[in-house]
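Heads up, the chain below is alone and in the form predicted on its own; it's given as structure tokens.
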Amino acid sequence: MLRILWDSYSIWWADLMILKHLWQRFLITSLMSPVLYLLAFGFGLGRGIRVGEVNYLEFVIPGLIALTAMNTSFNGAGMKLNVDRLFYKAFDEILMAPVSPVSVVLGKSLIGVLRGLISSLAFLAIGLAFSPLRISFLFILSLLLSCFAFAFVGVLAALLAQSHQDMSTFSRVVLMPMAFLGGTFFSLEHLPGWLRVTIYLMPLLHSNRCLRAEALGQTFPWISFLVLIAFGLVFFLACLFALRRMST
């Protein structure tokens, strides 16, 4: 176990050094979209609207935190790996190193997790200036699970991609529908039943439900929490399967 953790850290370290030198640029670019969404939906379209017992601004900020975690964790883990694998061919050196597939997947995912946590917590600090959200241990744990789940998705997409365009296609076909239909900007109560069933298969919905419930002091959705863990495990195992197929 210690060997797996040490090897994962060794793989993570190279990406960490790059982030160390570019963290200011990364933080600005990762916060641009959620801040614009906050201004457009929270202060623009949502002014005066209430969702259940809370105003729309309080409703949308936890959703934007989940959305930031999804996009930043996916891009932080997937885009870098995609470039290393297809352009620089640097990933081949890792495959030839005496490290386990578990260490490779964890090491390449951790940079996405770290980027997701940094950008999400930075946006959380912005959100706290406008809404008194409750930050608890379950909130941070749910955010961490979300970052891991979407970082694994990024690694999986990068391992399966045959070109740089494939990553962009994956983002548009998978991440974009989740961003707008996964409960970030509106409640699912008035949607048709068949559409709600489809949306419940999206991991972002369960991330939204966990973060929103804790932030607003509502009953915590333990089923969504367990579903989020299950998604993370499935994506992790899928990464291992794709990596082993690549190595043979």
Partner chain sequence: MEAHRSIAATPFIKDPRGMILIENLTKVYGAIKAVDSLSLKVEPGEIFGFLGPNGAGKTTTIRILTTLTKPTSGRAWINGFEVTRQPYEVKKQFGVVQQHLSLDRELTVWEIMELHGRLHHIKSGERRRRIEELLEYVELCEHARRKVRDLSGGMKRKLMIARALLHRPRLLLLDEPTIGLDAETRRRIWQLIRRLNSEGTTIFLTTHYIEEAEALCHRVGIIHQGKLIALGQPLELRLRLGEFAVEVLFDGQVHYHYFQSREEAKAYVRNLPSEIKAIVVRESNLEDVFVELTGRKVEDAENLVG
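Residue numbers count along the first chain shown, from 1. None of these values were measured; they are calculated from a predicted model.
Although it is not shown, the form predicted in complex with its partner chain is what the next lines describe.
Location of its partner chain contact in the model of the complex, chosen stretch of 97-105, 164-172, 125-133, 147-155 [non-hydrogen atom, 4.5 Å]: Going by heavy atoms within 4.5 Å, the stretch is 97-105.
Has each of 10, 13 and 88 got a heavy atom lying within 4.5 angstroms of its partner chain in the model of the complex? Yes, all three are in contact.
Although its partner chain is absent from this view, report whether residue 17 comes within 4.5 Å of it in the model of the complex, heavy atoms only. So residue 17 counts as contacting its partner chain.
Is there any non-hydrogen atom of residue 226 lying within 4.5 Å of its partner chain in the model of the complex? Looking in the model of the complex, residue contacts with its partner chain do not include residue 226, since no heavy atom lies within 4.5 Å.
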